[in-house]
Structure formats: structure tokens, C-alpha cells
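Coming up is one lone chain in C-alpha cells, specifically the form predicted alone.
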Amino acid sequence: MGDTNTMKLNILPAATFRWLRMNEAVCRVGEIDGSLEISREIPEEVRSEGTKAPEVQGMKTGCGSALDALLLSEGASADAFRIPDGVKAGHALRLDFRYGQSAGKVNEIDLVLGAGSELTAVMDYTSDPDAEGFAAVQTKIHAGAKSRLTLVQIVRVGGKMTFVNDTGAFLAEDAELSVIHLFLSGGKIYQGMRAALDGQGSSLRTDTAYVVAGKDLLDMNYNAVHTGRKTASRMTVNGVLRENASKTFRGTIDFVRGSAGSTGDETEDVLLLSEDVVNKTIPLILCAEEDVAGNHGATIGRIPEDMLFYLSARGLSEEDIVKMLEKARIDAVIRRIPDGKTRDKLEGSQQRA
């Protein structure tokens, strides 16, 4: 059982000016009492293995080595899910993490895709609204040649919880990984994502949407490491900050020597709905190869006065306008989810909110 301490997460691969306080995040770790029993819907084409997949041993992730050490010391259970070569799953692999009233749980999920296989995996993290404590989930992916994986991760935990969602991936030749992240609630959320585009022609796409309110914190670190030739990455982040919320986004495109012909793009669009929010964005491109193309940009702003006037003149209150703009950003990412059951569940919860 772990005692309360801290660990450093989401460390930038190349340090910036220290006064920016963006090179890393410090996360407080609460008491841990084992791993969570996960609710599962497993396609018949997918084999469930109650052990760590050998293909992901030593794989680097976005949060970093401190989380690896924590999972090891706490004996986190590892569940591996494997799909054979050339097989397309009949429906999504759905994993529900229901923390209830309290957390204190750590888990590892391994996804192994054989050559030419296709899978959608949905991981939904929920708790009671007033849940407290610490929880962490680390997901490691080994995508074989010409495989296709869509990974959907939805965070909507209680406002007093600290939650760490960490991902690492290895992409073989012509493998495609699409990651969809929705951050809808949580007191302190730390998101790490690192993908090694190792095989020629492999590609990564991430679509992220968030709403951070109250005194909540969202700290993100995305890292696309291009090692193979003619690889491609695209990171898109859209979000809303209001009240006293804080958000940090680190987005790194790393062109390693030998990644000739590769491309990388990252964009973020942030809507600020209060004078008191704290927004930090650091797009970073590292380049050790000449024949590559990398682009990044960020748009940060408030609701335009003419839009407020237009919508107010049609009977909408300012609160209605804010909810509409938040919902539009979340809905745009929900529509990208290929699993209809998950889309329906999220759209239903959005309507009730």
C-alpha cells in the first residue's frame, strides 16, 4: 500500500526556459490499494490474456519512467488484448473503469495488433461525482505492419480525483493509429501520449477535446517520434477553459535522423471564458533530418463580442451560449468515434448535462 508522495510526469524531451514552468508536471500520488476490476466487452476475434504482453516490454510512454516505477512497485495488474494477423474485430473492445466513490487503483492495458488487423478500443473512465483519491491507467500498444487501431479514451471522473492516463505506442510499417481523447471532468488530470512511428509509412492522428472548469487542472504531453521514413503525424486539440481552471499542453514532433520524407502537424484552439484561467501551450519541433516538414500553431481567444450580440439578440443567455460552444467542441470529436454504442452513450450524457 503506497504512502502519499509526488512524482514527475510529462517531461518535455527538450527542456525550455525553466521560468516557464512547463518542462514537467509534479503529481501528488495518493494511497493505492491494488488494481481495479474492469468491466469488459470483448469481441470474439480478440484474445484476452491476463498478463503483460512481451511485445511492449520496455516501451516508453508519454508520462515517463516515474509512472512505470509506481506501477511496478504497486504490483499493478496487466491485461493484454491480442488480435491475430489479418483479422478485423466485429465490434469495439470496450473497457469500463468504474471507480465509484473512491479510487486508489492502478492498471496496465496492453493492445497487440497482428499484421493487417483492425480494432477499435474504447476505454471509459468514470466515478461518482464526489469521488476522491488517486488512479492511474497505462496503455501500451504494439501495432503490426498495416494494422489499424482506433483508441478512444474518455475521462469523466469526480472533481476531487487525481487521474493519470498514460499511453505508449510502437507502429510498424504502414500501421495507422488514431487516438481520440475526451476530457470532460476531473479534479487533476495528467495525460501522457508517446508514439514511436518506427515503420516506413506509419501514421498517427490524435483528436483531443476538453472542458476544464472550476479549479480543475488538465496537464497534457503528446510526443510523436518519427524514426521511420515517410511517416506522418497530426495532433489536433480543441478546448474550453472557464472559472479558475488551469491547462498545460505540450506537443512535440520529433524528427529523428533517418526519418526522411516525414511530415508532422499540430494545432490547438483554446476558448477562454474567464479572466482567471491559466493556459499554457508549448508546441515543439525537434529535427535531426533535413527532408521533413513540420508545422505547429495555436489559436487562443475569447468569445467575439459580435457573436455574443448576435446570439443574445436571438434569445440566448450568456450561460446558454457558453454551453453551446462547449458542446460544439466536444461533439466534433465525438462524431469521430467509430463505435456507435459509445457515441450514443456520450451524446445522451451531453444532452442530460
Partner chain sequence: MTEEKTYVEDIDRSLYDFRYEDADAWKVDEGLSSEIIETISKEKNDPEWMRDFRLRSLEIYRRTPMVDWGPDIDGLDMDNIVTYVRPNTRMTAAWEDVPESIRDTFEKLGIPQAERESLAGVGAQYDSELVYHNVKKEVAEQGVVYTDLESALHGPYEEMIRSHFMKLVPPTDHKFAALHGAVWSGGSFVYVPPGVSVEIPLQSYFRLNAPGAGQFEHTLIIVDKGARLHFIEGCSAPKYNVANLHAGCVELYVGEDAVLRYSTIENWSKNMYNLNTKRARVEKGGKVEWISGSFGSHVSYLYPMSVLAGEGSRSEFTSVTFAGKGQNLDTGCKVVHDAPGTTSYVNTRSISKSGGISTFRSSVVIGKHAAGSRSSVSCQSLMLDDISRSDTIPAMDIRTDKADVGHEAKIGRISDDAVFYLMSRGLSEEDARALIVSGFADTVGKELPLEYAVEMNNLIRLEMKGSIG
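Residue numbers count along the first chain shown, from 1. Every value quoted in this text rests on a predicted model; they were computed, and no experiment measured them.
Keep in mind that the form predicted in complex with its partner chain is not shown, yet the notes after this line are about it.
Note on the partner interface in the predicted bound form: the residue among Lys160, Lys215, Lys280, Lys88 having a heavy atom within 4.5 angstroms of its partner chain is Lys280. Contact with its partner chain in the predicted bound form, judged by any heavy atom within 4.5 Å, is made by just one of Ile42, Ile38, Leu286, Val322: Leu286. Though the partner is left out of this view, Asp276 does reach within 4.5 Å of its partner chain in the predicted bound form, counting heavy atoms only.
Although the partner is absent here, Gly64 is not a contact residue: none of its heavy atoms lies within 4.5 angstroms of its partner chain in the predicted bound form. Although the partner is absent here, Ile334 sits far enough away that none of its heavy atoms falls within 4.5 Å of its partner chain in the predicted bound form. The closest non-hydrogen atom of Asp306 lies beyond 4.5 Å of its partner chain in the predicted bound form. In plain terms, the part of the chain that comes close to its partner chain in the predicted bound form, with a heavy atom within 4.5 Å, is 256-264 out of 91-99, 217-225, 256-264, 136-144. With contact defined as any non-hydrogen atom lying within 4.5 angstroms of its partner chain in the predicted bound form, the stretch 312-334 contains no contacting residue.
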